[in-house]
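Given as structure tokens, the chain that follows is alone and in the form predicted alone.
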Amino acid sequence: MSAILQCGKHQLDLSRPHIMGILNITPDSFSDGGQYNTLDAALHRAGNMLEAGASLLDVGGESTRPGAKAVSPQQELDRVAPLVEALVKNFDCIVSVDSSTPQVMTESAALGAGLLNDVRALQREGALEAAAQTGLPVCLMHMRGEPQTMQDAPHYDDVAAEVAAFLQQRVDACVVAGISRERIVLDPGFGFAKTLQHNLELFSRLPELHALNLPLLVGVSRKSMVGSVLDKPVDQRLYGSLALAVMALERGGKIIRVHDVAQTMDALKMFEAVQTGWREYQ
């Protein structure tokens, strides 16, 4: 596994963990839909997350929550492109684009994005070719079906083994298309086509995914698995999300995708202090 992920003009050192801040510019995302769908609000939010310690900002213009409605490629591009351009202009940071749409990938790359984060693992028509053309690293996530249908009675005989097999197949497809392994990050896809029991078992078996020998991105912030266990609504899932963030780090996660950057950074610092004996913070 390469220790450096080359994200456009930036490098991400994967010898240590990083926080990815979620920046949704959608009216219907499950946690923060509508809060940051103006450019000024999104830039203010971005500045706060970077100041709090985020290494990457993940821009999304299409909600992928269970039951979410699809948007047209042009509508998604109209949401994403101006924000990517403004982020690149105003902040010296890695901008990740959360999209499955080839046109959005290529345009975002041209505007200076540094990472492509696709919940469909580049399975949409033309996505694999578009991602390869950009030369950017990609994050491949496990999901079955589409957001509208993915929670319709998902079944696995062995969830960890089947997630690993799917991800390996997508890695192989990327390599054939010209995307080298050094440009690939994997996401197990918590909450996507998985029941609560699937999510909990997969999380407990995260170390098994290291057999793929690629960095792992873990996104569980405020998700339904937290709400189901704790019986808490979305706006009361911080503490459960922090517990999972630390457990993800313990299980070898390299990028933790979150809404609450400052609080997660505190948890990360405590984890790192214990791991390093405080050397990095003296």
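All values reported here derive from a predicted model rather than from experimental measurement. One-based numbering along the sequence shown.
This next part talks about the form predicted together with a small molecule, which is not shown.
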- Message: the small molecule is absent from this chain, but in the model of the complex, do 11, 57 and 114 each have a non-hydrogen atom within 4.5 Å of it?
- Response: no
- Item | Contact residue in the model of the complex, from 83, 105, 141, 163 (heavy atom within 4.5 Å of the small molecule) | 141
- Which of 122 to 130, 185 to 193, 168 to 176, 206 to 214 has heavy atoms within 4.5 Å of the small molecule in the model of the complex? 185 to 193
- Query: Is there a heavy atom of residue 223 no more than 4.5 Å from a heavy atom of the small molecule in the model of the complex?
  - Reply: yes
- Query: Do residue 25 and the small molecule come within 4.5 Å of each other in the model of the complex, heavy atoms counted?
  - Reply: no
- Task: Answer for residue 241 alone: is it within 4.5 Å of the small molecule in the model of the complex, judged on heavy atom distances?
- Result: no
- Would you check, heavy atoms only and a 4.5 Å threshold, whether residue 219 touches the small molecule in the model of the complex? yes
